[in-house]
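Next up: just one chain, as structure tokens, the form predicted alone.
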Amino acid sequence: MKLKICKFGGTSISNDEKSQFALDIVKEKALENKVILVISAMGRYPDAYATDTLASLGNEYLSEQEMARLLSMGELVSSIRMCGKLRELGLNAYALSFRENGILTDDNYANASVLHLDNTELLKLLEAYDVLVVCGFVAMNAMGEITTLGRGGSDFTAVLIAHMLNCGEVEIYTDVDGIYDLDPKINQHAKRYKELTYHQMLALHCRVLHERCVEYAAKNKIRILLKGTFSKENGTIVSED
């Protein structure tokens, strides 16, 4: 089975116009591959379904368990929305619930540690569908309760799924077309790296890729290709030394 794992950040799918770029990328890849689309919550604060917007709806009287359920709604809405749009394009797509992604964690609801990966449901669903849409950031504990993987957890979700399906590469799409030595949004002389080792990537302390994601990818030899959703540039490859 030829498989592509693609993750799109919230700024790539914040509205219909931007989402179309992501949909076109997935449609092209689905011509010759099964595709797992890992999705973040849409947009950034104060967008309605962004994680920080949802967080602002809670208060200190909510338990960590309840807050995890609240925060998970952004990815849930986003995944179902994208699934519907993929079907509209004629793709055989399915949006997974948090119980079906196979990521089992401890009871740290806000920043859970992964205890076990179970690919049973994913393999079954890949037989039935061409595109699976997975909520990033969201996992489950032994009691079947929602847990979350912390800030940037959707990147981490993508490499976890790659590991459980023995896929050696993930493609992470964002609103910048690679990893730079300076912020390209404010410095026109910023230089884009074509390739970085995991160690070099971690040394940059760059928020474009979550460190937990890079550390896990390094441990399990999963190559990361970071690309721009709205760009034709080749992006930046993060791989072994």
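Heads up: residue numbers just count along the shown sequence, starting at 1. The shown structure was predicted, so the numbers you read here are calculated from the model rather than taken from an experiment.
Although not depicted, the form predicted together with a small molecule is the subject of the following passage.
When the small molecule is considered in the predicted bound form, residue 51 lines it closely, a heavy atom lying within 4.5 Å. Of the heavy atoms in residue 36, none are within 4.5 Å of the small molecule in the predicted bound form.
Put simply, residue 163 is far from the small molecule in the predicted bound form: not one heavy atom of it is within 4.5 Å.
The small molecule in the predicted bound form is approached by residue 154, whose closest heavy atom lies within 4.5 angstroms of it. Checking 108 to 116, 124 to 132, 144 to 152, 84 to 92 against the small molecule in the predicted bound form, the stretch whose residues place heavy atoms within 4.5 Å of it is 144 to 152.
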